[in-house]
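First, one chain by itself: the form predicted alone, in structure tokens.
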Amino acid sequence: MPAEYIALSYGQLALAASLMVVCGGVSLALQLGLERRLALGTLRTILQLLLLGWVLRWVFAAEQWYYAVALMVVMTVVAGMAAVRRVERRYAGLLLDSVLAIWVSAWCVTAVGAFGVVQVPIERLAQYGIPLLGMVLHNTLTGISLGIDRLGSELAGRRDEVETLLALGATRWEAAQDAVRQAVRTGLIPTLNTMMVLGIVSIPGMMTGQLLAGVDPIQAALYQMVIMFLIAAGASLGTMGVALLGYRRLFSAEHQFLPGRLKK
């Protein structure tokens, strides 16, 4: 039987939050100017996670799958918006591409994980589907953000090369394929780096949470493996999808490069 987890009080939370004073002290000592952002980050972490906890408590208690789906839709749209927030070069339709790519990739991968691998009953969708989707979304949006940024910088930096290839008779795909490949490769780097050191340098978040909750370590390891494979698949599909959608928006059907659509 799993050991009973140790419940935390708000006083214990306050004690842990006081450690952020250390971060503020480092910022002051080195004149980093991050004190305000650290304070804001601490406050947002507390408020956002408490709000999420209350919402999830209500969704779990309701035991209706459509409440879980509604929350998952909101999470997906927010993730799609967050993915383009810090992209340097943008184009018309980027937000739609981001939401579409992250929606299709993350939901397909999560569906395979929830219903194919874990075999979750529909009435327990909230308990399993929301956490699974949340982890996949987080890593997929990171890949999409990096991929979009790299695609724009590659095409803008290699504009002369791309237009020369097109002038010599190359198709739009032949001219853009290197930029697309670089975008997808860049989007996958964080996930691949994590997978290389998993279990050696760090114990991932989900496995740590299960261990703290008293789950058998082997079961916790198996769940973490499943999560990493879902994350890798989501990041691959999402980054590839948004790169291909961006490529189609930045090249015309007549095989012309449209650099004017890229706005810095």
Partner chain sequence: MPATPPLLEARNLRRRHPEGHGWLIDGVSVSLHAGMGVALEGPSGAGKTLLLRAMAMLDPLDSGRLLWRGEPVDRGDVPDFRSRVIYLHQRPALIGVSVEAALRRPFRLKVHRGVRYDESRLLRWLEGLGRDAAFLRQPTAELSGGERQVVALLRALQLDPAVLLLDEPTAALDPPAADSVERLIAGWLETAPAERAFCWVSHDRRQAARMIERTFRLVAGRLATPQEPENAR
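Remember, it's a predicted structure, so these values are computed and weren't measured experimentally. Positions refer to the first chain, counted from 1.
The same protein also has a form predicted in complex with its partner chain, omitted here; what follows describes it.
Stretch 168-176 is the answer when you ask which of 91-99, 130-138, 109-117, 168-176 has residues with heavy atoms within 4.5 Å of its partner chain in the predicted bound form. Although the partner is absent here, L258 is a contact residue: one of its heavy atoms lies within 4.5 angstroms of its partner chain in the predicted bound form.
Of the heavy atoms in T164, some are within 4.5 Å of its partner chain in the predicted bound form.
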